[in-house]
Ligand SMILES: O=C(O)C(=O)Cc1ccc(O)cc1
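In structure tokens, the next block holds one chain alone, the form predicted alone.
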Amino acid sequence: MAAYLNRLHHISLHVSNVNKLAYELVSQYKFDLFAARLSGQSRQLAFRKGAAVFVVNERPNQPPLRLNEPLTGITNGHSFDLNRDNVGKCGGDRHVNCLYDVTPHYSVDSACNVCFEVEDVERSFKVLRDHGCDFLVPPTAVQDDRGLVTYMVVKSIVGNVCHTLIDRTKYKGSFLPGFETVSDSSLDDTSCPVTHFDHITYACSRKATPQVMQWYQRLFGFRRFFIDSNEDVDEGYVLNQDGVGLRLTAMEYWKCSQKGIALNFTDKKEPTCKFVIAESLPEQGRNQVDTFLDQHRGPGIQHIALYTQDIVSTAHTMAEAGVQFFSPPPAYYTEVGKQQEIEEAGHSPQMLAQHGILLDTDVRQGPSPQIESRENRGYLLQVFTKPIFAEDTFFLELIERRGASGFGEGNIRALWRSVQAYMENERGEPQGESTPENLQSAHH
């Protein structure tokens, strides 16, 4: 039995300079700051773009909460018994440093909490407890005049990544209890139509993939998603030539697609969010996965993909606002057949090259495998931002899918080389420290 997940609720980032990242998310990435929780010991800001929600937490310099340590103070002096069936009630948040999360004792900025909605936190807690999980926060109830939310936080098997499981079916507010509304209306920026998180990529140590896959399958009912039709079941999707040493394995959590849950930005069923595990292969030498592991001090979330309905417009708008993107090798756009491929997809090679956007064609199975028609083609467009923290760790991806469900197998080589070239050029250069004086300037 697994603790099945309903949907992705938000992703938390812990940073040392909340003001700086807040400025960049709003001014450059065009997110809307819509809710905030500010107290003497905690600063938590919630940003939204479509159904993609980031919660940015300030990293304080204090000891972390130890695994399975009772959470006190939030229930008027009563700690939790992890063997009890009831949950604690909370009418306020004065004594809690970080609601719906934990305060990590981590030396670098990091995206480290993926929060999911579940139907029953208590049931999920019992299931995960039976599997021997480490709980960072036991089942906890938080309420205000708009209702009640129950949540818990469990440590994952991937580095510093944890998962908040939350039940907000009894809550009528715009976000979560404890947060005050900053903006009632989400900005409808048609030039930057990001709608949701498309996928999350973990950077993991070599040979860690099978254990990570088994953990998510056993505890949360994740299932394998094959990146390529010829992908080896055990080995995953492997690129191990021409200077690229990479293993990718994907999985997805969406189990109940038949429910057809609707979101406010689409008439279709709620989209799935896939997880990708990336690990380096030793044959090709050090690469960006190794760099991430070194500078992040261990495995973690390497990048998050934002789905956009118009990647050209989105990339252009963000670039004009100061976002810097990785550029593939110039030869990418002059490869044999690539210009025709781009034009057949309805795009200009020059326009894609201007923003470093890559395009991959996904030929879907038609009535006859021998007949390839335009109706059976899907297209995937992608571009990566440069790292958004001081270290060469976490970055964002823009992705547009036009009938393609994979990850741009034809683009992976070019994306890898563009990131690798940046890492090689930047490695060894001193990183500047974040200061209040540079809040109004671009990060890169």
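Everything numeric in this text was worked out from a predicted model, so none of it was measured. A residue's number is simply how far along the shown sequence it sits, counting from 1.
A second form of this protein, the form predicted together with the named molecule, is not displayed here; the remarks below concern that form.
- Item | One residue of F54, Y379, F34, W416 in contact with the named molecule, assessed in the predicted complex (non-hydrogen atom, 4.5 angstroms) | Exactly one listed residue reaches within 4.5 Å, namely W416.
- Query: From the list T150, S124, Q302, T308, which entry has a heavy atom within 4.5 Å of the named molecule in the predicted complex?
  - Reply: Looking at T150, S124, Q302, T308 one by one, just Q302 meets the 4.5 Å heavy-atom criterion.
- Query: Can you say which of 215 to 223, 102 to 110, 288 to 296, 158 to 166 gets within 4.5 Å of the named molecule in the predicted complex, counting heavy atoms only?
  - Reply: Going by heavy atoms within 4.5 Å, the stretch is 288 to 296.
- Message: F389 versus the named molecule, in the predicted complex: is there a non-hydrogen atom within 4.5 Å?
- Response: Result no; F389 lies far from the named molecule in the predicted complex.
- Does F47 reach the named molecule in the predicted complex, with heavy atoms at most 4.5 Å apart? Answer no; every heavy atom of F47 is more than 4.5 Å from the named molecule in the predicted complex.
- Query: Going by a heavy atom distance of 4.5 Å, is L246 a contact of the named molecule in the predicted complex?
  - Reply: Within the cut-off, so yes.
- With a 4.5 Å heavy atom cut-off, would you call A404 a contact of the named molecule in the predicted complex? Residue-level check for A404: no, no contact with the named molecule.
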